[in-house]
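Only one chain is given next, in structure tokens, and it is the form predicted alone.
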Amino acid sequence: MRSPLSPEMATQEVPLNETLAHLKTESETLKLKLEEERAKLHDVELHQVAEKVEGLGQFVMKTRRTLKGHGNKVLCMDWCKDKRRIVSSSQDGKVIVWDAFTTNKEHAVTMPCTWVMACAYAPSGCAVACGGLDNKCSVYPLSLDKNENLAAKKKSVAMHTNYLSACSFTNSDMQILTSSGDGTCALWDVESGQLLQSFHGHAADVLCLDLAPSETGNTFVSGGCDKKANVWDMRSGQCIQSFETHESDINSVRYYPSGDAFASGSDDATCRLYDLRADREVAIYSKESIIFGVSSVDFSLSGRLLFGGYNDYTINVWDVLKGTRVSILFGHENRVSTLRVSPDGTAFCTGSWDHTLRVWILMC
């Protein structure tokens, strides 16, 4: 029989509760002070600074290629550095490597699970990585022999305790970053499958990540269901900046070409721009008429345009400086789930729940 609490134990518990309450109050006070300090530096809005910048003229973007072959929703895609090949993954469990010029399928792999939510091309163009509901990130080496059985060469690199939501090679084929529904991101060695660094800081599923564009960049940004966008130091595993201004899940994050800022897209129907040097949000891209969530975002090569794929089947194109929408693109017959600008900036590709991918170019 359990003995009742002694008076000494009871008196020990009271201060502990008081201490926790005091620490919570102190942490909230510190958060408010930080916001006040940030607000002092918030002297002008980005669109006000850009008032004298010449506006963008009218331009037309059209679909030049439609890639058909998936049997279900396209969930992710990535460009090869050769500016020609594309890898895509789908709910049908297939990963397909395409020639975007000819629309031919060069390789196809059937994964052991459906909902392949992540795929990425290696910097060398000699391998692709993918994963999803199998909780793993698998790497497949590619060869010139299109009839080769890629599944036999599969290498399981990463293992999470929940679904894999995104993956990205670092500046070499030897390391890969992953994010997962288990609330973590991780850096892995491709050859050995060893965990090099783990990143803990999100309070819910991590849905997306993007590596800083600098050749020597050691940071990446992630977004998740906790409405937070976190910037991480890959060497220490520490979260070095955190932004929490979205009102719903963050589905996509993408660095500005200079690496000094990043954009995010969310289920709250907005895209937002965060300046890392100013340590704050500097722009919101939204309209009252847009009520559907943003699934994917990416910048043009110059950084002047921000492309957003939306759940209402459209792609909205925003003027980053002025905050205005400059174009709206139609073509997909279901939600746009993924969007990436090509490495040379001459085109961008979108994937959709309508089972297709589309390659768009600017028509002069």
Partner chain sequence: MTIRTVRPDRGQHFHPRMHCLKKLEATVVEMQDPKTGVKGSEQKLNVTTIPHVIAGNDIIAWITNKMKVTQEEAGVFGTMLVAYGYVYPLQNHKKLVMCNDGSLYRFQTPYFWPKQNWFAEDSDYAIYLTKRNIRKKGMLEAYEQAHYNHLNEWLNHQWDFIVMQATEQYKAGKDRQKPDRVVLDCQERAYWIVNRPPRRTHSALDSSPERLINPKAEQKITFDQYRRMNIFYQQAIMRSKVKSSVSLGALVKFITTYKNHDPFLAPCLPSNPWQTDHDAYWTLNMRRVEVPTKMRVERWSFSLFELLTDLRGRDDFKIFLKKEFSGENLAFWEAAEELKWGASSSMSAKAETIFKTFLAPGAPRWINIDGRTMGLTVKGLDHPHRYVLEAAQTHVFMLMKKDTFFRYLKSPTYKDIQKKALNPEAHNFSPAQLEQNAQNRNPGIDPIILWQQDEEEKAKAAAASAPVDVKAMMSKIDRKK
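Residue numbers count along the first chain shown, from 1. Every value quoted in this text rests on a predicted model; they were computed, and no experiment measured them.
There is also a form predicted together with the partner chain; it is not shown, and the following applies to it.
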* Asked: Would 108, 186 and 245 all count as contacting the partner chain in the predicted complex, using a 4.5 Å heavy atom cut-off?
  -> no
* **residue 27 within 4.5 Å of the partner chain in the predicted complex, heavy atoms** => yes
* Quick one: is residue 79 in contact with the partner chain in the predicted complex, heavy atoms, 4.5 Å cut-off? -> yes
* Would you please decide whether residue 120 lies within 4.5 angstroms of the partner chain in the predicted complex, comparing each non-hydrogen atom pair? => no
* Should residue 33 be classed as touching the partner chain in the predicted complex when contacts are defined as heavy atoms within 4.5 Å? -> yes
* Enumerate the residues of 90-104 that have a non-hydrogen atom within 4.5 Å of the partner chain in the predicted complex, in sequence order, or give none. => 92, 99, 100, 101, 102, 103
